[in-house]
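This document opens with one chain alone, in structure tokens, the form predicted on its own.
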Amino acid sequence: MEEHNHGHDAHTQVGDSHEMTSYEKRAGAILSLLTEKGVVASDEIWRAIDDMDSRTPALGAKVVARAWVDPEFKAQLLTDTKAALTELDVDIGSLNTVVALENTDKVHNVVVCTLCSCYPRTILGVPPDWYKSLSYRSRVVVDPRGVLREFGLELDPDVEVRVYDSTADIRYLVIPSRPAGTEAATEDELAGLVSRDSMIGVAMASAPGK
């Protein structure tokens, strides 16, 4: 498993209820103070929230599809992900670092955030509830194959499974393997085969016609 220094103090801890955490309360108080002092207008805050809410996995799927059809873009995506996303006019917002991981016949990557719910929202949208659950966050680290099996993904024994821990500073995007039989597919058609779960690493990209 990749080891990273989390720095999760700036993030909301995942709880088992909908009660506001101390971090959420603090964030609300800070926002109120900023608007009262005229540092930022409330409509600017709501525009930012609306923009974030509008993000969906379709943006990440567009990135994956381009990587499948453009070897030069994929090479750049794997070596300098942020620069490649910028070239594709993908706004990653305040993310400091985002790293693309390529799944192959020999290596399968899966992403988790063990301490909270760090996630590349700017390119994948809102994280699924299971990603934030204590069960997934704790179990995928110690038994990744077992967890993947519960998602319906059975990997061959000779495939190496690598678990990457997202942090406040580093987020990950999994580039799933391109499905067979898609040689004649258009880029838009390929994007339609890419799911949110495949870009987290708990699923494969869909086969044509599935």
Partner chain sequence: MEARFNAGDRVRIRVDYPAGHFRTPGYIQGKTGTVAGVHGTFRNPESLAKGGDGLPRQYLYLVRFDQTHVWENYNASPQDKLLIDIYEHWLEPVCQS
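Positions refer to the first chain, counted from 1. None of the values given here were measured: they were computed from a predicted structure.
Absent from the display: the form predicted in complex with the partner chain. The rest refers to it.
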Taking 4.5 Å between heavy atoms as the contact cutoff, choose which of 69, 141, 185, 58 touches the partner chain in the model of the complex.
141
Are all three of 82, 173 and 206 close to the partner chain in the model of the complex, meaning a heavy atom of each within 4.5 Å?
no
Give a yes or no for residue 115: in the model of the complex, does one of its heavy atoms lie within 4.5 Å of a heavy atom belonging to the partner chain?
yes
Partner proximity in the model of the complex: residue 97 to the partner chain, non-hydrogen atom cutoff 4.5 Å:
yes
Quick one: does residue 160 come within 4.5 Å of the partner chain in the model of the complex, counting heavy atoms only?
yes
If you check in the model of the complex, is residue 62 within 4.5 Å of the partner chain, heavy atoms only?
no
Which residues in 167-184 have a heavy atom within 4.5 Å of the partner chain in the model of the complex?
167, 168, 169, 170, 172
